[in-house]
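We begin with a single chain expressed as structure tokens, specifically the form predicted alone.
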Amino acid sequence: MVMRKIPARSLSNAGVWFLVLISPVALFGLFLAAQGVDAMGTYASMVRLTLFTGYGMGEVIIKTTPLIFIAVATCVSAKAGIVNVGGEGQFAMGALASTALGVSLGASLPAVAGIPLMALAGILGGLIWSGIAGLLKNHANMNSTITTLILNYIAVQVVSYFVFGLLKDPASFNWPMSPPIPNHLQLFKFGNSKVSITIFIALLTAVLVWLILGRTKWGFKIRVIGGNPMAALHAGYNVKKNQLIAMAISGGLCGFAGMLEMGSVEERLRQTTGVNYGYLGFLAAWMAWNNPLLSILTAFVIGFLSVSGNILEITSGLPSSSIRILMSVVLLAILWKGRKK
């Protein structure tokens, strides 16, 4: 049997990667120690209670699913050269549109018609919201980072308007929330948990987007446009049109994620629906260098850290927001490594 020798460069790269990933953990351990917390015991509890218990793993999957969608959506627009920070707003508008349809017409629609219509409403909600940013970039030359951030703020206010007004549940005792989506329009869940088939839809979507971006002519065109718009123009590509399409797909994916969240986890629209998912999904995409398949891994890491923040609060007494320090340091380390490539 002939053993292949591992190239020294690969070993060196693996060593650098190990340092990149372990350094933030060590730094956060020092932070915990400075607070009088047993860092090793806390880390052990975080891993054991999230990855090795059914409830913990279920929570990680629930957190990870929308992050995969938003990260993949961010990859699509990024490949076309557009920074889309608007996943939060597009997710919220998709959730709003699908909930509005579900609670207003759901009782009269069978599941076979109602669920696809809710999905369509969610996609359209996110698509229209991202399309606004795309049009502002194409026709008014406005910075997409700024416009998508502003649209996030507007989307939150629009959702608040509806949950305090037109969609407010009269039986909610003045809590700002919509009526629940009818049971027959909710997605299949496993057992008594909130874990649903949406995780498989998210994984399939990531693979499909990866194939489209990497294996199709349109994907090639988008990558050329994102890499060098002037070269794309000289090649005869319609840069603005394709960027607008990429932005629409990006928003549609976020809106679809909003619909799936309503149909599986949330079951009704709230003022806080989707809060932070957009920004965490954006981070997941950037940590994966806008690779849809790698986004699955980075979304899982962020999902794990989000859930383990609650465990950190319980076991150490520190606020769960402390875990965001670790997430930020991990992101900075990965971005540093990417910059060195």
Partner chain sequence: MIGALTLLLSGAIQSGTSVLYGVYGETLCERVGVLYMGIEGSMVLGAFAAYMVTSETGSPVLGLGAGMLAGALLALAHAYFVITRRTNQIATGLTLMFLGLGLTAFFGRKYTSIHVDGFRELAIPLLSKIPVIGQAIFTQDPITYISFILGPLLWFLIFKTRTGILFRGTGEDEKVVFAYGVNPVLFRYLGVLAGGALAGIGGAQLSIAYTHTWIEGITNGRGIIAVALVILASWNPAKAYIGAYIFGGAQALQLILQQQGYNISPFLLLMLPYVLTLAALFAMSKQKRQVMPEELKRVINN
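Numbering follows the first chain given and starts at 1. Given the structure is predicted, the values throughout are model-derived calculations rather than measurements.
Separately, the form predicted in complex with the partner chain exists; it is not shown, and the next lines address it.
Notebook entry, point to check: If we take heavy atoms and a 4.5 Å cut-off, which stretch out of 107-115, 204-212, 146-154, 256-264 is in contact with the partner chain in the model of the complex?
Noted result: Stretch 146-154 is the one.
Item checked: Partner-contacting position among Ser160, Thr216, Ser172, Ser193 - heavy atom within 4.5 Å of the partner chain in the model of the complex -> None of the other options qualify; the answer is Ser160.
Item checked: Partner-contacting position among Tyr43, Phe31, Phe300, Trp289 - heavy atom within 4.5 Å of the partner chain in the model of the complex -> If I apply the 4.5 Å criterion carefully, the residue I get is Phe31.
Notebook entry, point to check: Quick one: is Asn276 in contact with the partner chain in the model of the complex, heavy atoms, 4.5 Å cut-off?
Noted result: Yes.
Next item on the list: Indicate whether the partner chain has at least one heavy atom within 4.5 Å of a heavy atom of Ser23 in the model of the complex.
Entry: Answer no; every heavy atom of Ser23 is more than 4.5 Å from the partner chain in the model of the complex.
Check: For Leu280, is any heavy atom within 4.5 Å of the partner chain in the model of the complex, or not?
Finding: Flag for Leu280 set to yes.
Next item on the list: Answer with yes or no whether Leu19 is in contact with the partner chain in the model of the complex, where contact means some heavy atom within 4.5 Å.
Entry: Close contact is absent here: in the model of the complex, Leu19 is far from the partner chain, nothing within 4.5 Å, heavy atoms only.
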